[in-house]
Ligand SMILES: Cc1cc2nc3c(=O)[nH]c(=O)nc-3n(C[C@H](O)[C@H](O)[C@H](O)COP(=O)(O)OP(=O)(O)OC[C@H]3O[C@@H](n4cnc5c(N)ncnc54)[C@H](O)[C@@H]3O)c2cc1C
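In the form predicted on its own, a lone chain appears below as structure tokens.
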């Protein structure tokens, strides 16, 4: 048994703590519960095969994450009795016309050979998109990927915390002060946007991301709708019967403010009307999250000293990647075989 201290109780820190504790190690986690934690404001889309990013190390990480999800969710929900909200209703990727649709379909379908967890992949005509997602506009054709899923970030964090404590971990809702809290063993920093306070390399920057939650006022009740990747970097996820989230905005900033902006509120509300043109829209809330990123938007996973380890910079892929990263980091730190090569993520 080894001893670990984790600083940061977001989805990454909680996942590392959970997997270490489950493996029988002594783990203490400090979380000061900062407002703006990215986990709670994320859409939780689990469908990495849709992305057009070409970084192979990033893709290896997120596809491993998607592959691990069903096993991971089944295990942690059985241990804790806490529902994570994980579901696989598939994902529809929209395209502006049929010519672009053909290119998008070939790109997405080509990934299926090495990712059978994608399930069926097929093209949708405009009316078929509408049939599958009745509230949605019928202006665009799409590609449907059966294996696409989503997770409720806040509920997943509850489950990880419960699982961590269930396996003997100690969770402290307080700040970690190195000169005061004398940690034994390895200290793992997974502090997201607040990593600037520690001063370890690599430099962690952050973006403000805003997401609009709304309800569709329509006689037709819809639940269990697929995730929608709309035009541009816009997504729509179902939150319950006739309830959705649309996002997200990206604003590089040095501010830690979590106050929604009027400009982004109006922008996202207009998009909601654009994609749900036949329905009345009632706004429920605006969520603001601070998403950390590093050089080339690649996460950094590695040592910053003999007794210091960094896991940060997951950005918008935190919910997809964190469960598998927790498992893999736990194995890596204890000299066990890993699926991921951590030399790919320890680039300093």
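Since the model is a prediction, treat every value here as computed from it, not as a measurement. Residue numbers count along the first chain shown, from 1.
One more form of this protein exists, namely the form predicted in complex with this ligand; it is left out here, but the text below deals with it.
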| property | result |
| --- | --- |
| Contact label in the predicted bound form: residue 289 to this ligand, heavy atom within 4.5 Å | yes |
| Close approach of residue 174 to this ligand in the predicted bound form, 4.5 Å, heavy atom | yes |
| 4.5 Å heavy atom contact, residue 32 to this ligand in the predicted bound form | yes |
| Interface membership of residue 43, this ligand in the predicted bound form, 4.5 Å heavy atom rule | yes |
| Option from 277-285, 23-31, 49-57, 294-302 whose residues, in the predicted bound form, bring a heavy atom within 4.5 Å of this ligand | 23-31 |
| Selected contact from 140, 144, 105, 235, since only one has a non-hydrogen atom within 4.5 angstroms of this ligand in the predicted bound form | 235 |
| Listed residue (209, 80, 242, 264) with a non-hydrogen atom within 4.5 angstroms of this ligand in the predicted bound form | 209 |
| Residues within stretch 266-286 having a non-hydrogen atom within 4.5 Å of this ligand in the predicted bound form | none |
